[in-house]
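Consider the single chain below, provided in structure tokens and representing the form predicted on its own.
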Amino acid sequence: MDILYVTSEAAPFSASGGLGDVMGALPQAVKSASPDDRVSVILPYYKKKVPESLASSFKLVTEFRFKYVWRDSYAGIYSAEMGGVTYYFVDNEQYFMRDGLYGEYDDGERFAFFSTAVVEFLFKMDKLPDVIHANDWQSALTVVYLRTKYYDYKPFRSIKTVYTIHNIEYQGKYDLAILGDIFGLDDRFRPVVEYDGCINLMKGALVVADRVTTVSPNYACELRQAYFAYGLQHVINANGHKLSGIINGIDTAYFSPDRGGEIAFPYSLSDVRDGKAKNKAAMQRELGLPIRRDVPLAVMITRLARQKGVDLLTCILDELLGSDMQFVILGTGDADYEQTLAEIAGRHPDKMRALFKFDRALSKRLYASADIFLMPSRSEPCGLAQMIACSYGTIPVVRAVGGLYDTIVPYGREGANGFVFNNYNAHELLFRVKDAISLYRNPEEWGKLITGAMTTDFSWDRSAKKYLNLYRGL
């Protein structure tokens, strides 16, 4: 089987968040699970973002020109091999020589060009893929184009398509006036992408793809509801027969407490108590907090946004810090949240630090140092942080939503690895964190919970096999 992933980002070449992490890990896991299959990934060549150490190994595969709407456009295709997976990079400096991956005024045009270039590249391949797996709105047009304006080319009809929703909040919405000039679709195909009075690229992919997946089973159920679907619930329900949820995994080798590097004192399950205590003391010293082994250190590593439950946290943080505990939050985002958190930290100088930055190395040290991890999300398609926390023996306190529901088993049940609250309510969060603080005072029970967290399998292996079964079923 020949599988081609289409994505707007993939680690380690270019990544801005969860999509890049997934597209960096899933193809590798699929290749590892099925070595005889050919696995490849195609993404834009962001020349300002790809590290030179990686770009130096790229090889030019082909160059071609094609008609993109009314323009005569250039695309270069570069390739690199990593872990048995072939990565292709679509080069066009007009569209991809930018300082960032997204947020440009012409994003619709950029990713319409990218999707067109992907399909045009298929004509140059020695063998067509059996399955094309597109991801989020940026590559939705790849699937749409195969089933609309390129459908007359009969060999493409045998290609099966999978489309994954990583975050339904971002759908690729544009004015219908640019259907032809930017997206290259004539009025025959308008019904495919039209929804709620505008172009909706995600809707188009949902309708025409052979299978639709999202990143956790519970999120797949939630998307049928208006509260979670951001207006697409009618399309989701109409296509529910082809929708499934497959939980993401994490890189268990990278997120492992027994590896050195960023972590001051590597440890494993056999010496987790001592290892975490040493790392906590090092972190307390680094942040200027009182060095106390007897108090639990809680952390939150997040984007400072309402979706992540920061509004719940700010409601109860003063009361929570009245307990004998310490708290550190790391992240960037909404300026109002930053100001509020800074003010709360100022009121509790011996108990709290608010760090407004993105620092991957620091985040690993915090995972290794902390006892409790807070993730009170309003919505969470999958979530990776709760799984990473578990791998470090840091106990998550999460809301039962999306992938958090699928991955965290509440204390008191068999296989428990964390604490869970149900309703989006600040005091439910407060009471559950206090439950965790209380259990921390019971070393025997806390140790059992740590064991449950660190032995939960969050690897990509199971997810990769589920995707392979999906592809083979097609």
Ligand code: ADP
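Just count from 1 along the sequence shown to find any residue number. Just so it is clear, the model here is predicted, and its values are computed rather than measured.
The same protein also has a form predicted together with the ligand, omitted here; what follows describes it.
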The unique member of K357, R188, R157, H241 whose heavy atoms fall within 4.5 Å of the ligand in the model of the complex: K357
Sole residue of G184, P257, G245, G331 within 4.5 Å of the ligand in the model of the complex, by heavy atom: G331
S363, heavy atom within 4.5 angstroms of the ligand in the model of the complex: yes
4.5 angstroms heavy atom contact with the ligand in the model of the complex for R303: yes
Close approach of L384 to the ligand in the model of the complex, 4.5 Å, heavy atom: yes
Touches the ligand in the model of the complex: M375 (any heavy atom, 4.5 Å): yes
Three-residue site K308, Y367 and I388 fully in contact with the ligand in the model of the complex at 4.5 Å by heavy atom: yes
Partner-facing stretch of 281-289, 74-82, 105-113, 375-383, counted where any non-hydrogen atom is within 4.5 angstroms of the ligand in the model of the complex: 375-383
